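In structure tokens, one chain follows: the form predicted alone.
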């Protein structure tokens, strides 16, 4: 059967692997001109460990993982060190959990996809006409096609979800934070660490392929165009203007530089949908069940959902109506579990008050003393 996948990142590449492995003809469309670079290091953990093992890529992921050599310094608003942090104290579910750069994982997934999968870059879906005999698709490059299943793996602002399920506002819930990332220039020696003031986290870390700046800030939902990069840089500059200690002025300059590489800004949000299948169209990954960055489970959930969707749809002979109840029964509890993790991650990464910040730092010091023994 013919399967169209929109989006060539972790969810889309994982889905391409599983549908092709199960014998389907797979086409992947991606509006960029190739795999999108950049992004924060991500985790392959929990149930995704088994998925990666069944894909034959677990050893490669382990070889390419980000290696943390020592805990990072935790600083207060003056730049003074108040604690240390090793995310392994909190983030891992098992000893096999692995952190890897987004670019490296995408390349590993791409390399695992069976021959015969067609990739079409610089195009996306313009319209979806779903019916009993399958889905008729018009593409933005003027071409058209007919498919038995369309899979939207095109992120938080999913085009497929909008076309087949309805507007973004019906499903995407702002979680109360915004995140920004940028690759830092090599014209200075960046100090790795994390500075906190209430409601704001500013960090520098080695992202596996060089230094990366990160900002997490508590904020009500903002009205801006998520494609307007200049507006986003202005928002980040305003947020970072609250602090002038440590390396923050240099970080502010890096974030607001139009030539900076690896720039990313978006809301920390979750996607909640009563169903991830509508007719012969399905959504996975952030498009269907974004768990939010603060959960640490987004990539894991994307990989697990891709395997579950391909297996369930194939098990029911491509009958989406029959496959849908089984798929939701198998995946829904795990999605709810992953999304709940964000509630645990938020007070650790972005404490809201000075009291909460002091208590968190005391916890960090306790963990550091315990692991030093």
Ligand SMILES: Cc1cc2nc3c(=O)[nH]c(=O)nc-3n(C[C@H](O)[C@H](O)[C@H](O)COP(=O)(O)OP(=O)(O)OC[C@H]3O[C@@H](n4cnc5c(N)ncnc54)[C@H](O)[C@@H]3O)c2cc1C
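Keep in mind the model is a prediction, meaning the values are calculated, not measured. Positions refer to the first chain, counted from 1.
Another form, the form predicted together with this ligand, is not on view; read the next lines as being about it.
The partner is absent here, but in the predicted complex a heavy atom of 293, alone among 164, 83, 293, 203, sits within 4.5 Å of this ligand. Distance criterion of 4.5 Å from any heavy atom to this ligand in the predicted complex singles out 124 from the list 124, 247, 219, 278.
With the partner omitted here, the stretch from 57-65, 336-344, 309-317, 40-48 that lies within 4.5 Å of this ligand by heavy atoms in the predicted complex is 40-48. Taking the partner from elsewhere, residue 31 is found to have a heavy atom lying within 4.5 Å of this ligand in the predicted complex. Using a 4.5 angstroms threshold between heavy atoms, residue 159 counts as touching this ligand in the predicted complex. Not displayed here, this ligand is approached by residue 10 to within 4.5 Å at the level of heavy atoms in the predicted complex. In the predicted complex, residue 285 approaches this ligand with a heavy atom inside 4.5 Å.
Contact annotation for 164-189: a single residue, 181, has a non-hydrogen atom within 4.5 angstroms of this ligand in the predicted complex.
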